[in-house]
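The chain below stands alone, shown as C-alpha cells; this is the form predicted on its own.
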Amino acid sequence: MQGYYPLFTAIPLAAAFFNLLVCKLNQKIADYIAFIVTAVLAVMAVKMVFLAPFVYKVGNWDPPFGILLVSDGLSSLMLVVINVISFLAVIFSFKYMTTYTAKPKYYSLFMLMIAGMNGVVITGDMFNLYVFLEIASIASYALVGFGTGKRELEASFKYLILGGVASTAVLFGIAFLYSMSGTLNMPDLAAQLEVTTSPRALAFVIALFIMGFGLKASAVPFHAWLPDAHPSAPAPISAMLSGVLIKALGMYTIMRIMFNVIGRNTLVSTLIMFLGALSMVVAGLLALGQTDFKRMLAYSSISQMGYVLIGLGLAFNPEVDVLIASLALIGALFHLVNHAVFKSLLFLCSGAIEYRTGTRQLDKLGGLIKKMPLTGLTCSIGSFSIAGVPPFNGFWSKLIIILALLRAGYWIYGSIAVVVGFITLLYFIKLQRKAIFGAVPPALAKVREAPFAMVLPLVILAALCLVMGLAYQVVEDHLLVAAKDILLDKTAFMNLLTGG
C-alpha cells in the first residue's frame, strides 16, 4: 500500500476531470464513476488502518528538501472518516441529485473536494497542506451554491468571503513560519521552533492559525458562514460539510500543527478550551430556537465541535497529567468520529424528508415514522446518538470528555459540557415530537418512503451509531489509540518523518 499512497489524491483529481470528458457522451456514466472512485478510496482507507506507520517520499527526495506524505494513526483515522462518509454520500446522491441539473459537474466538484481533504491529512509539508486546503475549500464554495438560487448564491458568496479571510490568515501564518525557520517541512519546522528566538512572532503565528483554522472548523466566534451554508447546500454536501469538511480542514489541521509542529502550551490550551465552551453554549442555545431542520443541525454542528475543542484544549495543556491528557484526547477523537457518523446521518435524513415532503420546516411536518418508517427510525437513532443517550456512540465520547475535565479539576467546563448535553437533548426531542411522531398533517397524507439509494446510507450510518456504542472499546483500540499516541508524542512524529 505504501506505493499507492499518493493515489488518495491522484485518483479523485483524475476522476474529476475524466468525468467531465466522458459524460459529454452519456451523463448517466457520472454515477458509476463516482461510485467506483469513492468505493476504491473507502477500501484503501480501511486498509491503511492495519498498516504500520510509514512515510512516502515524493520523487524519493529526503527531508527537508522533498515532499513527504505521512501515514500514521491520525492520518489513517481521518482517511477512514473522509472516504467512508464520501462513499455513502455518493450513494445518496444517485436519486437526490436528480432534482438538480448538471449532475456530472456536481460529481467533479465532489471529487475535487475529496482530493483536497485527502491531501490535507496525508501531507507532511505546510505549503502542500495549504494548497490542498484551498482545493477542498474552492470546491465546497461551488457546491454550497450548486442550486444557483438567490439563497444558495448568497450563502456561497458569504462562505467564499469568510473562507478567503481564513485562507489568508493561514497563508500569513505559514509565511511567518518560513521567515522564522527557513523551512516548511513539518518535522524540520518542529525542530527549528524548539530553539526559536522569536516567541512573540510564534505567538502571532498561533493566533493566525487559531483564527484561520477555527473559521474552517466553524468555532464561535468564527462560525457565521455555516448556518447559511448548510441549509442552502444539497443534503449530501451538507453531510460532507458538517460530517467531514470542518474536521479535515479545521480540527485536523489544528491538531496536527498545534501538537506535532508547535508543541503543547498552557496559554494556547486555555484559549482553545474557552473557544470550545463558547461554541458549545452559544450554538446550543441558538439551535434550540430553530424551526428549519437543516439550520438546527447546522448550529448543532458548531455546538458539538465545541466538545472536540474543549477535549483538545485540555490535552494540549503540558501541566495536565499525561493519563488525563490521554483520556481527553481519546474523548475528543472519538467524538470527532462519532459526529461524522451521526451528523452525516441526520443531514441525509433531512434530505430524504425534504425530497418526499418538499419542506424542512418542523411546524409543517409530523408523523413521518408512519409514512417513512426507515427514515424516521434512523433519524431517531441519530438524534439519540448526538444527544448522548446510552448505549449509542455519542454517549461514550461525551462521557469520556466530561470525566477528563472533572479529573483535571475543571469543574466549570465539566458542568458546561453536562448542561449543553441536556440542551442538545431538548432540541432533538423537539425534532422528534414535531417531525417524526405525532399526527400526520393532511398535506403529507400521500407521502411514502424515500428511494432505496437514499435509505441505504441512512441504515448503514444508523447501524454504525449503535455498533460503535456497543463496541466502543474496539473502536478505541484500532482507531483512536494510535492517533492519540502520535499527537501526544511530538518526538515520535518527528522521528517518523525523518527516519530518526
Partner chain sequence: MFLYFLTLVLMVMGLYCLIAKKNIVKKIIGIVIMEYSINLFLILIGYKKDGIAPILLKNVSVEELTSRGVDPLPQALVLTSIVIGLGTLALMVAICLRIYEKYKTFDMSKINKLKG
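What you see is a predicted model, and the numbers here were worked out from it, not measured in a lab. Numbering follows the first chain given and starts at 1.
What comes next is about the form predicted in complex with the partner chain, which is not displayed.
Option from 261-269, 416-424, 387-395, 291-299 whose residues, in the predicted bound form, bring a heavy atom within 4.5 Å of the partner chain | Answer to the contact question: 291-299.
Let me know the one among Ala102, Val165, Val80, Ala408 whose heavy atoms come within 4.5 Å of the partner chain in the predicted bound form, would you?
-> Exactly one residue meets the criterion: Val165.
Using a 4.5 Å cut on heavy atoms, which of Thr98, Gln361, Ser179, Ser198 is close to the partner chain in the predicted bound form?
-> Of the listed residues, the single hit is Ser179.
Is it true that Tyr141, Ser156 and Ile161 each have at least one non-hydrogen atom within 4.5 Å of the partner chain in the predicted bound form?
-> Contact check passed for all of Tyr141, Ser156 and Ile161.
Report yes if any heavy atom of Leu184 sits within 4.5 Å of a heavy atom of the partner chain in the predicted bound form; otherwise report no.
-> Yes, contact at 4.5 Å.
Using heavy atoms and a 4.5 Å limit, would one call Phe274 a contact residue for the partner chain in the predicted bound form?
-> Although the partner chain is absent here, Phe274 would stay clear of it in the predicted bound form, with no heavy atoms inside 4.5 Å.
How about Leu171: is it within 4.5 Å of the partner chain in the predicted bound form, going by heavy atoms?
-> Yes - in the predicted bound form, heavy atoms of Leu171 and the partner chain come within 4.5 Å of each other.
Classify Leu323 as contacting or not contacting the partner chain in the predicted bound form by the rule of any non-hydrogen atom within 4.5 angstroms, answering yes or no.
-> Output for Leu323 is no: heavy atoms all beyond 4.5 Å of the partner chain.
For 403-437: residues with a non-hydrogen atom within 4.5 angstroms of the partner chain in the predicted bound form?
-> Result: empty, none.
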